[in-house]
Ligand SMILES: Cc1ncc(COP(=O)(O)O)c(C=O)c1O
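Taking the form predicted on its own, here's one chain by itself in structure tokens.
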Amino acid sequence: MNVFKLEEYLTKHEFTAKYLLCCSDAQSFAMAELVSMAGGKDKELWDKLTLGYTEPYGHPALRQRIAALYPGLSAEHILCFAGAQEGIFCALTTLIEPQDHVVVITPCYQSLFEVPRAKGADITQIALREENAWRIDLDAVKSALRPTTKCVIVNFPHNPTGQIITEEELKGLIDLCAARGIWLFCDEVYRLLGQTDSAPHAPPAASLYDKALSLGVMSKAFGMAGLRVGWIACKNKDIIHKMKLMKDYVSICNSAPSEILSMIALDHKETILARNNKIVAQNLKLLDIFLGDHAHLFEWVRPQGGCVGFVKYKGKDGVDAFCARLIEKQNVLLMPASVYDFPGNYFRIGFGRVNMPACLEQLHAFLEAEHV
């Protein structure tokens, strides 16, 4: 496979940069804080936990709690993975065969098109456009479909633009797929984060369509990336089993402590999500002010979901040079669009963490020093 540009970029900078202004996850929790939430059976499970193997499909109680996020689904429709990345790999390796045609909405997490490409699929990428407010173009998707199209792959709320898909748009996409028996893979890792009354998020695709796979994870909305627990929800139990057979060649099963900690978090999801959504809302207000104050340099389509946005940089030097100087001189990390193989002077900014105001202060100091 090709080098995973985003992960290689983060490997180089994420653990050395002091001010991370491109993070794609919500604020994390201290271990003691999460464990203190446990009560009743969860506390007993944690206290008596032994570090043995876990069930390949995921702990039954964990799968039940995940299924509660998907109207109409039950635990048998959930398969747990060691993070969302493993879910992407197992699902698309299982679904895609050589000579299949796959439609992918871009920009996106690189594995969403690299895994089908590695299986020998013919890939059609449909780029979201800023002039269309980064919204999905159903006419473009329809035009891209072929008799050999096996799967359509989308990511909403979208990383890196923060755009959502509406329920009407999602149902329109499902109609296109259902008419041709096409699988729909939906990366929905931000679905519970950043929602507003004026821009409600669509229901999970797996609740609406028998051949939809909805990807979820503890990393993004819950802010618990270190647990490495993800999942796929799908009504089709046959494909759930086939993905489990692929998982047998990868992680085999999840970490036992991570499963119990995920259960504790899901049992307190309202509290956790309320805290993280409050941080996102507050940071968005600060970004509105900051980008307005520096409108000669930056502009964006304001995100409607998740905790990342795609900002256009108007400087003459170009976004890659700008981001390189920023990390070198001010120790502030942004993510240029080139990491996504996406053209144009854009960078990803993250606003899910409590230290974002401090990061913005450093960015402001850099701009003042550069006299821009």
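Please read all numbers here as calculations on a predicted model, not as lab measurements. Position 1 is the first residue in the sequence shown; the rest follow in order.
Only in words, not in the display: the form predicted together with the ligand, which the text now covers.
Trainee: Suppose contact means a heavy atom within 4.5 Å; in the predicted complex, does that hold for all of Y109, V217 and R228 with the ligand?
Mentor: Checking in the predicted complex: Y109, V217 and R228 are all within 4.5 Å of the ligand.
Trainee: Could you tell me which of 260-268, 298-306, 276-284, 78-86 sits within 4.5 Å of the ligand in the predicted complex, going by non-hydrogen atoms?
Mentor: Single hit among the candidates: 78-86.
Trainee: Quick check on this chain: which one of I105, V189, I96, C90 has a heavy atom within 4.5 Å of the ligand in the predicted complex?
Mentor: Checked against the cut-off, the match is V189.
Trainee: Can S24 be called a contact residue for the ligand in the predicted complex at 4.5 Å between heavy atoms?
Mentor: Yes - in the predicted complex, heavy atoms of S24 and the ligand come within 4.5 Å of each other.
Trainee: Looking in the predicted complex, any heavy atom of N159 within 4.5 Å of the ligand?
Mentor: Taking the distances in the predicted complex, the answer for N159 is yes, it comes within 4.5 Å of the ligand.
Trainee: How about Q163: is it within 4.5 Å of the ligand in the predicted complex, going by heavy atoms?
Mentor: Taking the distances in the predicted complex, the answer for Q163 is no, it never comes within 4.5 Å of the ligand.
Trainee: Give a yes/no on whether N155 approaches the ligand to within 4.5 Å in the predicted complex, heavy atoms considered.
Mentor: Looking in the predicted complex, residue contacts with the ligand include N155, since a heavy atom lies within 4.5 Å.
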